[in-house]
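Shown next as structure tokens: one chain only, the form predicted alone.
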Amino acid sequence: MFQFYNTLTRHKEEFKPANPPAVSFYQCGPTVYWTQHIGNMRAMVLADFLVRSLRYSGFKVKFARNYTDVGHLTSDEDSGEDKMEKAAKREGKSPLEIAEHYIEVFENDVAALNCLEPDVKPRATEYVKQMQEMVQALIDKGFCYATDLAVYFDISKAKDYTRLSGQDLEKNISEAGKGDASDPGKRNSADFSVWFFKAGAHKNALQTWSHKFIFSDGKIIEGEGFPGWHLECSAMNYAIFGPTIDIHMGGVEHIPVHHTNEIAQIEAFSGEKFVHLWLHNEHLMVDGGKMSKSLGNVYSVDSLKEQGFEPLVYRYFLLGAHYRSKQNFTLEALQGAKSAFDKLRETVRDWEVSGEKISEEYKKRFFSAIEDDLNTPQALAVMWEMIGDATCPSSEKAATLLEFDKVLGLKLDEFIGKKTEVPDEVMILVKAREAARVNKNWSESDRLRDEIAKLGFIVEDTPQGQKIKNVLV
């Protein structure tokens, strides 16, 4: 029985999808204007872990993760330049070319991290018609008004607008006052745009669509414009799943603005509850602080590979912290994860694989940790306890670990019971090195060790003699 912490209710609760075993799951995906950093990738791995866990337990998960390829301004609210257009100008390409390139980069990265493909990968630009229909419906229901610059959602008309964030709405409105720097025509600064007009700061917008909105007083607004970022996820969600979904996941930074606004507009549109379970992952810190280009501490999957860390090492590292806890990334910590992961993979090479039954005791403990709000650190602790259990036959460990890996996603099947095969040319060098060590020719021994490494193997000197391992990169 899964227990998850629901951001909306602020406590753990039993997971009960609306139509079991079906589960509808939506994750806020990337704005595809840049290479996603490893903090973004933490969210992708955690969502993948959730999907694998639910499917292992028999749920039929339909997983959607979107691409934002228009409408996300440089602030998360209603000010600044569109991120896609800023990238297009930076690189001298069209927004479509930018989107295509960075979607490809992103998909290569998540594949390298062994994340399963979502069932649906909507792009915002593919759902503009549905977004316009939602805007018109919100206008018809009296939730929206227009200025010279945009159509805004009037948050004073939303039911329990801040129930996800817990903010004091009246205090926010009284402190902020009416209007704001981006549009003095707003009724209050907390109102958010559902549709921007090609006007004002956006008069030169590169991505626009024809619109026609009709208001209750008979006013008709026609022209060119583009959707607000918050509207996009609501419209895509509704188009894919209908008014209500079981799980919505995103980063904690989405709680006060993006997810709060999603709830307001889609519930105003449908009149039904939007999400049953809100899951939010915490930030990845770097050297104890925020990841920032100005600080020069932004890492990507490719930059980790350049420093000798394969993507699965980073996946293993991420599983060492709970998704609702901040996780501190350092290269030293990643090296520690690599050492542990290498040890794991080398250890399981020598195990027998005979199809023996799994250990029910370890399986129960492992999945109890998973069902307890995805407690991955505890699950890994159980895994390592089993690995070190001398009373458990290696064949039983192998069968059990293969079950664990259906949710861990570490590709351990490529190592369990796969003994290291050493080519003849490597064995010739190993024997020559052994002779050099007997003759205390240490420089020749070191040279031969380097030659062996170039061929993809590591030689370790043990009391029992030389031990040969694959170079895991």
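On a predicted model such as this, the values are computed, not experimentally measured, just so you know. Just count from 1 along the sequence shown to find any residue number.
Omitted from view is the form predicted in complex with adenosine monophosphate (AMP), to which the following refers.
For the chain seen here without its partner, which of 417-425, 431-439, 28-36, 402-410 has a heavy atom within 4.5 Å of adenosine monophosphate (AMP) in the model of the complex?
Heavy atoms within 4.5 Å of adenosine monophosphate (AMP) in the model of the complex occur in 28-36.
Decide whether Arg365 counts as a contact residue for adenosine monophosphate (AMP) in the model of the complex under a heavy atom distance cut-off of 4.5 Å.
Contact check for Arg365: no, nothing within 4.5 Å of adenosine monophosphate (AMP) in the model of the complex.
May I ask you to state whether Leu319 is within 4.5 Å of adenosine monophosphate (AMP) in the model of the complex, using heavy atom distances?
Output for Leu319 is no: heavy atoms all beyond 4.5 Å of adenosine monophosphate (AMP).
Looking at the partner-bound form in the model of the complex, is Ala43 within 4.5 Å of adenosine monophosphate (AMP) by any heavy atom?
The answer is yes: Ala43 has a heavy atom within 4.5 Å of adenosine monophosphate (AMP).
Contact of Pro118 with adenosine monophosphate (AMP) in the model of the complex (heavy atom, 4.5 Å):
No, Pro118 stays farther than 4.5 Å from adenosine monophosphate (AMP) in the model of the complex.
Whether His72, Gly251 and His254 jointly form a contact site for adenosine monophosphate (AMP) in the model of the complex is the question; each needs a heavy atom within 4.5 Å.
Judged in the model of the complex, His72, Gly251 and His254 all sit within 4.5 Å of adenosine monophosphate (AMP).
So which of Glu282, Glu346, Glu310, Glu224 gets a non-hydrogen atom within 4.5 Å of adenosine monophosphate (AMP) in the model of the complex?
Only one option qualifies, and that one is Glu282.
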